[in-house]
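In structure tokens, one chain follows: the form predicted alone.
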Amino acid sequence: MTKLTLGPIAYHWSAEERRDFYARIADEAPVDEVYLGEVICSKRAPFHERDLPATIERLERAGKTVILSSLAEVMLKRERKATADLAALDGPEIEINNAAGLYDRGRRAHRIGPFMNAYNEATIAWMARQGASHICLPGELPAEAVAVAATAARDLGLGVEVQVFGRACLAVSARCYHARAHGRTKDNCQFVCEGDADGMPLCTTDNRPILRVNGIQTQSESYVDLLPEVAQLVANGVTHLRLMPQAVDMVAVTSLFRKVLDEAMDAEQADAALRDCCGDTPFSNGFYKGQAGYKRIAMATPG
């Protein structure tokens, strides 16, 4: 049975906002698995690490499986230590987003996150030999490549995950443009990113939003929306569908995906309701359709 997962929060939400968010997810969201942890900026981690045990307990009590995600970028000693400490855990499951975690984990079971570039069957097979039990595919893969990767992973006994909702991660950088845009340095950022709960808009010279900046991360302006493609993803062997937390009603969003998965709601009707949940934010599926990522390509009319 295909599972719904909730990815780790990418933004610098306050500790109180995170507590309230995960309390609602535990009590109301029909997701099977929840990823926790700081993936983007190690400086943010101390703000919410102390709440992790209580959050894990609350989610598990509600029947959710919890996975802890590692940093996508490891440059400093504290980041190296945080990655090593996470890799040393026996439980919960962990998701590795940087090769440093592979070194620390050895061949013990782990998941591979979307930052690790599992683009083809040979890479997936290599990762399986290193202990991977599950692969979250990069968001740039078109449908044909997803189908090939899912077949390869399934043959190796691995779970296969694809992001189906939320802003696409386009890059991470050693520098923090979010701080620079406010005249600050990365080391003295004063956590200015906390003011942008859904990322900071980056506009063209004629003032059209084109990207979002989230600390060291560059994201798409649009939300990836593969709700109309859920049936195809399931048919192609994808075992997990990932929804990334955004500053919208994520309980409503997850409920729509669940209804489509359970065939309790027509995909077209659900997609219209999803549009209502997300206000003016554009939707995109270009990568999945093998075109420019920002584009929204309509589904072909059934024959």
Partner chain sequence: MTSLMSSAELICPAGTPAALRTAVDAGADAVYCGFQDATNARNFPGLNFTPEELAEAVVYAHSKGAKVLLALNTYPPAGQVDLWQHAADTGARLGVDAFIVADMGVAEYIAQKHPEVRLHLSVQAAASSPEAIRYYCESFGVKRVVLPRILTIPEIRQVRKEIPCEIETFIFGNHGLMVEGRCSLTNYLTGQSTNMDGVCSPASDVEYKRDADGTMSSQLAGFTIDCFRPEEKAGYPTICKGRYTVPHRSEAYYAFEEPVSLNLARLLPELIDAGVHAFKIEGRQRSKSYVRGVVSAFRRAVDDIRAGREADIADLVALTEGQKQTQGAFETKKWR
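Numbering follows the first chain given and starts at 1. Being a predicted model, the structure only gives us computed values, none of them experimental.
What follows is about the form predicted together with the partner chain, which we do not show.
**Q** Please state whether all three residues Val162, Asp225 and Ala252 have a non-hydrogen atom within 4.5 angstroms of the partner chain in the predicted complex.
**A** None of them does, since no heavy atom lies within 4.5 Å of the partner.
**Q** Just one of Cys136, Cys176, Ile94, Cys193 has a heavy atom within 4.5 angstroms of the partner chain in the predicted complex, so which one?
**A** Here the answer is residue option Cys176.
**Q** Any idea which of 228 to 236, 153 to 161, 178 to 186, 85 to 93 reaches within 4.5 Å of the partner chain in the predicted complex, heavy atoms considered?
**A** Single hit among the candidates: 178 to 186.
**Q** Closest heavy atom of Arg108 to the partner chain in the predicted complex, within 4.5 Å or not?
**A** Contact check for Arg108: no, nothing within 4.5 Å of the partner chain in the predicted complex.
**Q** Contact with the partner chain in the predicted complex for Tyr22, defined as at least one heavy atom pair within 4.5 Å: yes or no?
**A** Heavy-atom contact with the partner chain at 4.5 Å: absent for Tyr22.
**Q** Is there a heavy atom of Asp198 no more than 4.5 Å from a heavy atom of the partner chain in the predicted complex?
**A** Heavy-atom contact with the partner chain at 4.5 Å: absent for Asp198.
**Q** Is the gap between Ala149 and the partner chain in the predicted complex 4.5 Å or less for some heavy atom pair?
**A** Ala149: contacts the partner chain in the predicted complex.
**Q** If we check the partner chain in the predicted complex, which of the residues in 112 to 141 reach within 4.5 angstroms of it by a non-hydrogen atom?
**A** Counting only heavy atoms within 4.5 Å of the partner chain in the predicted complex, the contacting residues of 112 to 141 are Phe115, Met116, Asn117, Tyr119, Asn120, Glu121, Ala122, Thr123, Trp126, Met127, Arg129, Gln130, Glu140, Leu141.
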